[in-house]
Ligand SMILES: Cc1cc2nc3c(=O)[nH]c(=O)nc-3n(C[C@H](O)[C@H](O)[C@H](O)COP(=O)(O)O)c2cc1C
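The chain below stands alone, shown as structure tokens; this is the form predicted alone.
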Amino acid sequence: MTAGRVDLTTRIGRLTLSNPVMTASGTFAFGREFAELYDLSLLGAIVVKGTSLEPRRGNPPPRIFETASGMLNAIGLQNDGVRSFLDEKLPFLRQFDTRVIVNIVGNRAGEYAELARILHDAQGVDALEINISCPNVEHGHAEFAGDPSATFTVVDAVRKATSKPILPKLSPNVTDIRVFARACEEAGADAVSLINTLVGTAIDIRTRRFRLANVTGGLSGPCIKPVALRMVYQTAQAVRIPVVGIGGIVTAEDAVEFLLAGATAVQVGTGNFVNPMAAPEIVEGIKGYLAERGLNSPSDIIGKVEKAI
């Protein structure tokens, strides 16, 4: 089969993508810089930088440090707020034939719900990704992502505020990620995205100081791929809703591994910093992989991993 006959159309619940490759929130800004390199319409979806009700200044520097096969970041969800996104960023994204997914962040369930209500009527916003790895100020600043009941509460609040597809983004910093995925499914999520970053740190032995002003940061990149792949596989077995795989995806081979593990689609994150052309190259790589094997669609390989002999 030729690559031209492969149909990469991907459905995540009620959301239809031209292909299963998205860019991960926080690694692609709002697309403007990458649009200088290639047509953003080549992507299945763009997941924009985390967006809050009001502007956030983020954490003080230093807040990024490169590690072996990855990076630590403690940006602190710096952004200009939802009104700036709607007025200044969204109009630019509307010119491309790709889905726009807004990653929303908040400190209270009510903030997430208010964001969902504001974005509900926005033309060009196709879905919401709920970043639940944020402190819940109403319950001792513990992360929503660390408590299944809190996870349910925030997803349920967003579900009641909008009919747009919603995809909670799950944290790997838990005992059993499947419990949280089930809570999201029960609360009405259309899919789940996983994984978010692992918590890590680094120290400069010459100065005896932490590398990050925040002490800890989110670890991402190829170094977390085995962990992400395992969690995607486990989650896909535990829920009926689609799973979006994230974590260390740099090549088409990486993406195919996640599809075989049970992911319906994937997100490219840190790989965008290493190779700005990574996402469109992965789209073509998936198409070539399927064509070489006489397969018609990504759905032909989703969850088709087999045990080692």
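Sequential numbering from 1, following the sequence displayed. Just so it is clear, the model here is predicted, and its values are computed rather than measured.
The same protein also exists as the form predicted in complex with this ligand; that form is not shown, yet it is the one meant from here on.
Which single stretch, out of 36-44, 278-286, 263-271, 54-62, brings residue heavy atoms within 4.5 Å of this ligand in the model of the complex?
After filtering at 4.5 Å, what remains is 263-271.
Check each of L77, A187, L115, V100 and return the one that places a heavy atom within 4.5 angstroms of this ligand in the model of the complex.
Of L77, A187, L115, V100, the residue with a heavy atom within 4.5 Å of this ligand in the model of the complex is L77.
Which residue among P148, P165, G221, G200 has a heavy atom within 4.5 angstroms of this ligand in the model of the complex?
For this set of options, the contacting one is G221.
In the model of the complex, does I195 come within 4.5 Å of this ligand, counting heavy atoms only?
Result yes; I195 sits at the interface with this ligand in the model of the complex.
Flag N214 as yes or no: does it have a non-hydrogen atom within 4.5 angstroms of any non-hydrogen atom of this ligand in the model of the complex?
Result no; N214 lies far from this ligand in the model of the complex.
A24: touches this ligand in the model of the complex, heavy atom cutoff 4.5 angstroms:
Yes, A24 lies within 4.5 Å of this ligand in the model of the complex.
I246 near this ligand in the model of the complex, any heavy atom under 4.5 Å?
Looking in the model of the complex, residue contacts with this ligand include I246, since a heavy atom lies within 4.5 Å.
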